[in-house]
Structures are given as C-alpha cells and as structure tokens.
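Next up: a single chain in structure tokens, the form predicted alone.
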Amino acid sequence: MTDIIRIPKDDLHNVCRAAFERVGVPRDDADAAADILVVGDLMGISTHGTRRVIIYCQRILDGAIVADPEITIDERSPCLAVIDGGNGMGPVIGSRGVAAAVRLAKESGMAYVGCRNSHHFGPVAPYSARACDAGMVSLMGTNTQPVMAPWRGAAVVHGNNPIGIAAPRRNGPPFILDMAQSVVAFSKLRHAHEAGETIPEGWAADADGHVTTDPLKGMKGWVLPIGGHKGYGLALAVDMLSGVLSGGQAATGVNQLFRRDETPQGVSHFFIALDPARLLGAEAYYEQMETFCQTIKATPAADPDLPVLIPGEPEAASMAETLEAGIPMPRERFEDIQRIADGKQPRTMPDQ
C-alpha cells in the first residue's frame, strides 16, 4: 500500500527548488518552476504538479532540457510578442509568458504572447491564477505530445492540448477553467491496467481505432476526445494558437516527455490577457462578474449535498485544505525529490 504523507507547502517548495538547482537551474528559475508545480498540487492537480519534478530533472541531465537557457522576448507590437524558450523548462518559460502577457495588456488593454521551444509546463491553472491576481481575464493553453487521433482518423497525431479560461472575482475565488480535450489522462489507462481493471467505454480506442474497454489496448491506441468531434476541434484550436501562431512545433512536431535521449520536446504555449478595467471599468466589471456568478450559483441543486459550483471553486477549496493540512503525496516521491536535491539518483522514474 502506498504510504501517503502530507508536506507543508513551504517545505515542498524548498525541496523542489533545491532539486532543480542541483541539476543546474539558476535560483530564480528554480524558484519559479517550483512555485508553478507546488501551486498545482495545492489546487489538487497533482497529475501535473510536483510529480513532474523527477522527470524534468532527468531530462535536464539527459541534455534535452537546457538548465540555464537563453530566453528571448521579441515584441512584435505593443500587444504582440513571441518568446523563444531556448529549450528551457516549461514552467520557467510559461512564467515568463504569462508575465509578459499581463504587462503588455496593462499597457495596451489586451495582448497575445506565444512561446516556442519549451517543454511540458505543468497545469494551466496556476498561470491563470497569476493573471487573475493581476486583475486580468485570460485565455491560455499549451500543446502536448501526441496522444490522440484526429476525428475519424486511425493514427496518433495531436495532443490533448489543455486550455485555461479565467477571470478575477472580488467576492469569491477566481473563475478558473482548466481542461484538457481528452475524456481522461493517458495515465488512467496505465493505472487501470496495473490494477487489472477494465475502463469505461468512451475512454480510449485501440490501435485500429475501435473503442475499447481494455486499458492495455487503449495504451497501444489513444485516448478519446471529450464531446467527440467537438473535443477534437478544441484540441486543434489550442495547437494552432500555441504552435502555429508562435512559429513553434505543432501536432507530430511535438516530442514525448518520457524518453531518455537529448531530443527536446518542442512544446509551445500561448497566453492572451485582457484588462477588464480598460474595457468596462473595474467597478462595473466586478459587479457584472459577481451578478453572473451568483445567478449560476442560485440554481437549485439536483442533489442537496452537491451544490452548484463555479469553475475555480474546487481548486480554491483544495488550496484552503492543503495549506492547512499539508499537500498529500506518496512518501517515496517526496524522498526521491529530496534525493535529487542531495545529489543522488531517485529510486523510481515516474511514468506518464
């Protein structure tokens, strides 16, 4: 049985930062990356949080991720910019991207920042939260390694490409929608296979494109999109906004994270920020936003024990609970991150 322990936020942040520094990441960048991943854990998005520290560090040691990259920002206009991440860590480049989008939007009212030559950057929600903290409405996303087939296709070509849409609130937690375009993450197929369980119909297709309830066949095939052709279309839209518009890689041009060679992933991200104070005025915006949210929350619940929620409220509840009780994680994982920080090899290498 897995031994789950709870780690205080600051302790987890410090050990993650130390692990990144140990493999050559500069202090400020190590701090930025640790912050994104730890906040992901606080929000309950542990699949994309600090569990990625070990593979990030290993990919740095493999030479795929550059520990101290030359990151350039090319401002094409007062509201348009492209960041070349120099094959650095995704959370480092993503942090620069959202900061640049917020800065340009404060100057121009709205901005697009595309990022190329990056890697897996963790969950979207922590970046959305940063934009909300700055008073910005935001739309952002990233492409990923291919794990899905095009609708009606029979080969893996594109990622599940998560998207985030967020808006600040004055009287409640920020509205934060963070969603990938597959019904489930690939890791759920692996977990079902290891547990000897079947998977629900609609989660995955086999290598011939047929829907399957066998997780092993699904692992040899691909995960299916939410809403059929609608999820497929959203996945391509995020890839276009991330990879195509930034001049980076898209679709099959994005490589796997979980490999052991010097090949960079070539991931691309995008960040769009809009200043509602410039559009409506701050007071009018917050009044409109609160009226909107309260109208939704006033809906009678179908189950009294399950009230209607606004996107972002589950993440806020998770943060409140984990800040007080500590972040839950397997003891072995925490100890392996500590081993990296101490200059030792981790005992296990996480899978996707």
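What you see is a predicted model, and the numbers here were worked out from it, not measured in a lab. Superpose the two forms; the largest set of C-alphas matching within 1.5 Å is the rigid core. The first residue of the sequence shown is number 1, and the count goes up from there.
Not pictured, yet referred to below: the form predicted in complex with a further copy of the same chain.
- Taking the partner from elsewhere, Arg260 is found to have every heavy atom lying beyond 4.5 Å of a further copy of the same chain in the model of the complex.
- Within 4.5 Å of any heavy atom of a further copy of the same chain in the model of the complex lies no heavy atom of Asp84.
- Shown alone here, Lys220 lies farther than 4.5 Å from a further copy of the same chain in the model of the complex, counting heavy atoms only.
- With a 4.5 Å cutoff on heavy atoms, Thr144 does not count as touching a further copy of the same chain in the model of the complex; it lies far away.
- Highlighted residues Ala167, Thr252 and Leu279: every one comes within 4.5 Å of a further copy of the same chain in the model of the complex, counting any heavy atom.
- Stretch-level contact analysis of 87-95, 236-244, 190-198, 122-130 against a further copy of the same chain in the model of the complex, using heavy atoms and a 4.5 Å limit, identifies 236-244.
- Residue Met110 is the only one of Ala134, Met110, Leu216, Ala99 with a heavy atom lying within 4.5 Å of a further copy of the same chain in the model of the complex.
- Contacts with a further copy of the same chain in the model of the complex, taken as any heavy atom within 4.5 Å, map to no residue of 314-342.
- Positional change of Glu201 between the shown form and the other one reaches 2 Å or more at the C-alpha, relative to the superposed core.
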